[in-house]
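The form predicted on its own is given below as one chain in structure tokens.
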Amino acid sequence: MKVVYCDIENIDGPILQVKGVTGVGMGEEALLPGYGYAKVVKIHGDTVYMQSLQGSLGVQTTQKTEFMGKPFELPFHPEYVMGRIFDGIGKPRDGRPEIQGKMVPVEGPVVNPSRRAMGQGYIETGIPSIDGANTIVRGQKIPIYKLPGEDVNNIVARIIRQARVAGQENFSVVFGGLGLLNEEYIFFREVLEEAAERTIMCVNLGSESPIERLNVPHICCAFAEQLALIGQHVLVVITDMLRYADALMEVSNAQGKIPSRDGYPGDLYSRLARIYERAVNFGGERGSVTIIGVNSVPDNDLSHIVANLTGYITEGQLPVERGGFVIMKCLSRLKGLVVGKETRSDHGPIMDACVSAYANALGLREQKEMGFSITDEVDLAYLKFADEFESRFLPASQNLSLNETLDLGWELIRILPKRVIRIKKEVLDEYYKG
């Protein structure tokens, strides 16, 4: 039932207070005719605090407020959403008509972890340092940590273009852009056009309201969940979650909330978790939602509150440095659920051997830089392996299938004498072939 109120008691930035309200719930949608929509963010007695989704510029205290009796919803139709671009309130920003379909809540409940089907399938990105050494499991949530000075847009674009589920066509990508610059928006829009048949984009520009920025991850997850329920395996890629946290800090300050660590609100952890925990593998004939969130790391400090809390919530990390993934710092906590079980039996052994050999070579390099002479034949082979590993395996500018990645690993490990490779004899005898 819609209830209309005619007086706004106070306007404080994007926060509007309406007194004498009854029968309204948290998260409920409200319409301000002529000024767009708002969302109930706080209820204190009979005073309701609304957050305007498009700002309160021009709103007067005599403005009518119409409570809609439902949460913030979006129309969804699987045949009409692909290839579309939406803004931070779910409206088309591509100049095409609005979607006609069933209404779905934007901030729906997360699936109980005990009902999630973990370890059923994986996502291929085409990038060896991810697929080979840090395999992403369907339904996983994992961040890409962007270190200072790095431009990860090309890596994100490559993942959007190349990501796939081996042997299946029912795969989609939902991209969320938070506070994008105009040139970033144009760049990702071109990426969308290249894969329009399987991609959805929801974008908030840096010049637009930070309030809308907070909606973008939830809109992406809402679309992804609906696609997953009809059997699609969906990869949600969101950049940049630091901008989400900064927008949350700005809006929380406007609401008068007491800031916590580094000025961020005390509920930052739960707000991030409400996004990442929407990653799910439904199992059976239904699909999955896998979330990759790009997170800038100020001053290369992983103890920064946003990166730190993200690490507690997610299931691994993928740091980017010098245009590639830092394999010695990367981690996928769920890869053991599929490696060697749903992938080739040699997957675990060859990747462990390559990473171990690379770590050994880095130690030898350090000794060489300190002035020690490296003359041993085996040590020289390790150094040669490291050079080849860095030039052929680690670059993020590749598109290899998982089997091609494993074959490349074997090709590189053959640089080392067979006797020093740390792989079980039966596996080594079958694949070394050199």
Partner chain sequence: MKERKVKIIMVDDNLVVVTLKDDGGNDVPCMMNEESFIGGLHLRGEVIRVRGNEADLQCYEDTTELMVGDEVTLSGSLIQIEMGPGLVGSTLDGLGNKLEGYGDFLPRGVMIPALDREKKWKFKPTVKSGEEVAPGDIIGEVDETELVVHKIMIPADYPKGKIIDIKDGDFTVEDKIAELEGEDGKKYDLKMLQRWPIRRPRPAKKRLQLTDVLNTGIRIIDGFNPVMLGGTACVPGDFGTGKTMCQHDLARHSRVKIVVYVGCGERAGEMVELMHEFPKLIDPDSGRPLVERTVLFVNTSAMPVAAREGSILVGATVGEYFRDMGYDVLLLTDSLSRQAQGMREMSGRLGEIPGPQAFPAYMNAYLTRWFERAGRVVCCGEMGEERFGSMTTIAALSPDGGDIAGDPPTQAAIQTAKVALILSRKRASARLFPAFDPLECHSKYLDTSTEVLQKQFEERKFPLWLDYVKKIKHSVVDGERIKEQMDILGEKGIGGQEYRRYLLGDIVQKAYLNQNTFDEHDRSTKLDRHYEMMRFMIHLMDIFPTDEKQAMRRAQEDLVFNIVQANYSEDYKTEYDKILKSIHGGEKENGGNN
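For clarity, a rigid core is taken as the largest C-alpha set superposing within 1.5 Å between two forms. Everything quoted here is computed from the prediction, not taken from an experiment. Positions refer to the first chain, counted from 1.
Keep in mind that the form predicted together with its partner chain is not shown, yet the notes after this line are about it.
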Check your understanding: Do heavy atoms from each of R274, D379 and I421 fall within 4.5 Å of its partner chain in the predicted bound form?
Key -> yes
Check your understanding: Here the chain is shown alone; which of V41, L400, L31, L383 has a heavy atom within 4.5 Å of its partner chain in the predicted bound form?
Key -> V41
**Study point:** Candidate from Q120, Q162, N308, N170 lying within 4.5 Å of its partner chain in the predicted bound form - any heavy atom
**Key:** N308
Check your understanding: Hey, in the predicted bound form, is L205 touching its partner chain, heavy atoms inside 4.5 Å?
Key -> no
Review point. Though only this chain appears here, would G266 touch its partner chain in the predicted bound form if you measure heavy atom gaps against 4.5 Å?
Key: yes
Review point. Should G101 be classed as touching its partner chain in the predicted bound form when contacts are defined as heavy atoms within 4.5 Å?
Key: no
Practice item. Would you check, heavy atoms only and a 4.5 Å threshold, whether P71 touches its partner chain in the predicted bound form? Key: yes
Check your understanding: Can you pick the stretch from 277-285, 85-93, 122-130, 174-182 whose heavy atoms fall within 4.5 Å of its partner chain in the predicted bound form?
Key -> 277-285
Review point. Does any residue in 215-249 get within 4.5 Å of its partner chain in the predicted bound form, counting heavy atoms only, and if so which ones?
Key: E225, L229
Review point. Rigid core fitted, then: does N112 show a CA shift of 2 angstroms or greater between this form and the one not shown?
Key: yes
